[in-house]
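Just the one chain here, the form predicted alone, laid out as structure tokens.
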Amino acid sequence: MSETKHKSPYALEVRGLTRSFGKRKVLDNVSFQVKHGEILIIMGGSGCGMSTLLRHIIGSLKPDAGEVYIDGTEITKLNDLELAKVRKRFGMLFQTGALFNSLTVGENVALPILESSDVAPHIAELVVKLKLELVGLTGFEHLKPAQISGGMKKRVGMARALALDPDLLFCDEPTAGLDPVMTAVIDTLTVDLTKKLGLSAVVVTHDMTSAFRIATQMIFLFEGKVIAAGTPEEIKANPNPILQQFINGDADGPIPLKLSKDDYLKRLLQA
């Protein structure tokens, strides 16, 4: 994709995003940028605010303060109709795939196409075949989700996320529940598609092997704050003990393993 088609040098820009639930600050002045063509990994422990951050980025939640820009368009003040137009510019791959069990694979992929445009059904069918081919599932359009494996469901979810030819792809724990081989398949697919289609991607994950395999940039959240950011090499070299405990999976370190009742409730709210 040519850079001239973009309004901003950033596919995504988050500035000073802050959100509290009651007295608990879940996001605390979070800022970062994603350039066009980059794959940003958002990582952190359970309850650190990753899911809440993602919901703000896609417009499902409104912040107390701060701004979110999708290719230069600030979305936090948009009404539902305006936000719906912006959402056509990005795709979303959910952790479980979020497929409709009553629909076939092809019907699941066709859903955003038919709901967002007046395209004829036979054109939608052609687009579905092209998207399934992209994720290596040619000929699977007539099967139901119950008839395919977990890894294949993720790939169908990816095909559906790409149905409207987005510029930006959001992935929420795309390798959760997959074996190492299928995790590698999904990682390779993510990298290949971003390059082939000129996409930018934002991936929320706890899987450090996957994260370092696909990232061009990474941020680490802890208690609602970005405490580290950089390339994979910079993250590995960062001496922050909290970050190092997390990426190395160490039991001993500054991240508390035993939580008080208040801390436990706080992390539940942040999840």
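When you see a residue number, it is the position in the sequence shown, counting from 1. Keep in mind that this is a model prediction, so the values were computed, not measured.
FYI, the form predicted together with a small molecule isn't displayed, but the following is about it.
- Under a 4.5 angstroms non-hydrogen atom cutoff, the small molecule in the predicted bound form has residue 24 among its neighbouring residues.
- Among residues of the shown chain, residue 210 is not one whose heavy atoms approach the small molecule to within 4.5 Å in the predicted bound form.
- The closest non-hydrogen atom of residue 66 lies beyond 4.5 Å of the small molecule in the predicted bound form.
- Residue contact with the small molecule in the predicted bound form: residue 29 places no heavy atom within 4.5 Å of it.
- Proximity to the small molecule in the predicted bound form, taken as a non-hydrogen atom within 4.5 angstroms, holds for one residue of 202, 70, 48, 219, which is 48.
- The stretch among 210 to 218, 237 to 245, 38 to 46, 224 to 232 whose residues place heavy atoms within 4.5 Å of the small molecule in the predicted bound form is 38 to 46.
- Residues 55, 95 and 173 are all found to lie within 4.5 Å of the small molecule in the predicted bound form, as judged by heavy atom distances.
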